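Only one chain comes next, encoded as C-alpha cells, the form predicted on its own.
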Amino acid sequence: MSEPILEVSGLTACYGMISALKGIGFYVNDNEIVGIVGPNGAGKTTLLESIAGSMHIKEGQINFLGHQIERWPVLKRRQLGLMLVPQEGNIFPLMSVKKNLEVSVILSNRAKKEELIDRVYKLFPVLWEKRRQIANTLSGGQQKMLAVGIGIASNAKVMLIDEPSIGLAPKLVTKLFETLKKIKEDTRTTIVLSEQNIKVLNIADRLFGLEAGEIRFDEKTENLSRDVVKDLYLGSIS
C-alpha cells in the first residue's frame, strides 16, 4: 500500500490554556474523500486550520507529499497543493464570480488557468451564468459552490473543506456532495471535509470520529453503522 499523501502525528493545539487537539494522529490517502465527524466543539475546524497553517500548533508533525510542513507558512503550503475552504471568509465578496476564479488561478500558467476555470464552470454551470455577478449577491448555496470552485481553480492536490453543508437546504446538500464526489473522480483531487450531516456517509471513503480533541475511530465508511455514527457524531439528519 502506498504512503499517505497527508499524515499528521502527535498534533496538539490550544486556545489559551484549553487543549483543542490532544495528540491527534490522522492520515489521508491519495484520491480519497475523508470525512471528519464529531459534535460541535470536537475540534474539527481546528484540525483543518492546523493542517492548512492558519492555526498555530503547540506540537506535532504534518507530512504532506513527503515534506514536513508544520512550520511552513500558509502560502508555502498552498503552493505545494494544500488548500483550505473555510466555513466563512471563503470568497472575495466584492469581486465578481469571474474575478474570484481569476485570482485563484494566479499561481498557474496561462493555458492551465483557462483549463481550471473552465473545469469550475462545467462542474457548476450556475457560476458560468452568474460569472459577472458580484459574489456577495449570490445565494448561500451559490456562494458555497464558488468557495469550492476557488479550491478547484487553485489546482489543489488536497482540499480541506470545513462543514460545507451548513446553512444549505437538503437538496442543495445532496447536490454539493454529489459534485464533491465528481471532483474526486474527474480530477483526482483528494478531499478532506469536516461535517455534521449524515449525508457525508454517502460520499466519504473513510471517516474519522473526533470528540473532545481526540480521534475516537478511523474506519472505512462501508464498515460503519449509520445509526451509531449518527447518534454519536452527526447533528443533522436532513
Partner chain sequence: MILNGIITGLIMGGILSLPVLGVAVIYGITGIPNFAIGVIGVFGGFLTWYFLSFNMGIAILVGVVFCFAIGYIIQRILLTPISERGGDSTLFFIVTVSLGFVFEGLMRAIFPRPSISLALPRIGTINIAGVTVEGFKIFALLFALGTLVIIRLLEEHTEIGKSWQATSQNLKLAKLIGIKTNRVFSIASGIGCALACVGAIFWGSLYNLNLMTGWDLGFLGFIIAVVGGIGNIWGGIISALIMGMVMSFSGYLLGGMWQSVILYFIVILVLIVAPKGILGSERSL
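Numbering follows the first chain given and starts at 1. Keep in mind that what you see is a predicted model, and the values were worked out from it rather than measured.
Although it is not shown, the form predicted in complex with its partner chain is what the next lines describe.
Under a 4.5 angstroms non-hydrogen atom cutoff, its partner chain in the predicted complex has residue 49 among its neighbouring residues. Residue contact with its partner chain in the predicted complex: residue 114 places no heavy atom within 4.5 Å of it. Although the partner is absent from this view, residue 68 stays clear of its partner chain in the predicted complex, with no non-hydrogen atom inside 4.5 angstroms. Contact between residue 202 and its partner chain in the predicted complex is not found at the 4.5 Å heavy atom cutoff. Only one segment in the set 186-194, 51-59, 171-179, 22-30 has residues whose heavy atoms sit within 4.5 Å of its partner chain in the predicted complex; it is 51-59. Just one of 119, 157, 99, 130 comes within 4.5 Å of its partner chain in the predicted complex, counting any heavy atom, and that one is 99. This chain lacks the partner; the member of 123, 166, 95, 80 within 4.5 angstroms of its partner chain in the predicted complex by a non-hydrogen atom is 95.
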